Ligand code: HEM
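Listed next as structure tokens is one chain, alone, in the form predicted alone.
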């Protein structure tokens, strides 16, 4: 499952952080640990013409994410955008800076507070119970949780269950274009472009459906803003991608670790700790592995000079295992407190759907613990090959129902 950090050493002190294979067959945590000690802000070449500054310590990651004046989101927020123009610049809340960012995000944020999303809790619980109802015996836990995003995407956006298999594949093509399960014969770039095109076409049709028959959800809210259809679709894409890609990997990674440690039964016996369980699962898994910014001016990060226009990539998975912030950082602790993890980012771009994600995960863990008494592995988990999405795509287990 792991390989020594030296296997990933690149010129000029790089460690292959942009290589998707590191997150599949390598050991990114060993690499991040070494970087936090020796080179917490270091230049990592992608090819002969481009590269990025990798930021791996918690304090430096927060400093970049909270300084929207010094580090812009308008040049794209993923490594895959290096050298590519951001087509949604200033049209999508994820690819804009204040004040434009607030104009787009503000109305959405009011519909995504903890109080606002609480009304969806009964429907989400019903969905999760139905999802878990037939499960037991030999199963693939990754497959079992593959539909979890529908629990909240249906009420938020009107996504139909019948559309989910195609949508899930296009989402994977958009964030894990190097993964063999979804990569097209023409290669990663063609896979990424195809995934984007299919998602945007689907979301444009969804917008037109909402205009014919409004449903009072986020798609209708975006459609009522003074935005072009392309910008509406780009923002729908942000909402869809963040939840659909990342959320299922939190319970997968957490359960895989609990099985490895033999601690599932211990966690399941204490439902009163569920809120801390969710936060610790988020910290430990950190499925959204990185975010990119571009320096707007000559500046420095952690005392290292950074030139205007250079890409700066913050590694959330590394920040959330920083020993200077989290005691025993590589261990899953159900009672960890405080737990100011960065799984949802930080600053103005803090995850729009964080309240919905937390509620969905809380309900999922409650129902999982109530339904299953134990799990045992029947094979090794298989990880996603992606520099952005860090998680598990196959996870064979035996689950014993109560």
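Numbering follows the first chain given and starts at 1. Computed from a prediction, not measured in an experiment: that's the story for all the values here.
Although it is not shown, the form predicted in complex with ligand HEM is what the next lines describe.
Though ligand HEM is absent from this view, in the model of the complex it lies within 4.5 Å of a heavy atom of just one residue from 312, 316, 219, 171, which is 316. Here is the short version: of 267, 127, 71, 291, the single residue with a heavy atom within 4.5 Å of ligand HEM in the model of the complex is 291. Residues with any non-hydrogen atom within 4.5 angstroms of ligand HEM in the model of the complex fall in just one of 240-248, 222-230, 258-266, 194-202: 240-248. In the model of the complex, every residue of the candidate spot (156, 344 and 353) has a heavy atom lying within 4.5 Å of ligand HEM. At a distance threshold of 4.5 angstroms between non-hydrogen atoms, residue 333 is out of contact with ligand HEM in the model of the complex. For the chain shown alone, residue 295 is not a contact residue for ligand HEM in the model of the complex, no non-hydrogen atom being within 4.5 angstroms. At a distance threshold of 4.5 angstroms between non-hydrogen atoms, residue 167 is out of contact with ligand HEM in the model of the complex. Although the partner is absent from this view, residue 112 contacts ligand HEM in the model of the complex, with a non-hydrogen atom inside 4.5 angstroms. Looking at 88-114, the residues that come within 4.5 Å of ligand HEM in the model of the complex, counting any heavy atom, are 93, 94, 101, 105, 112.
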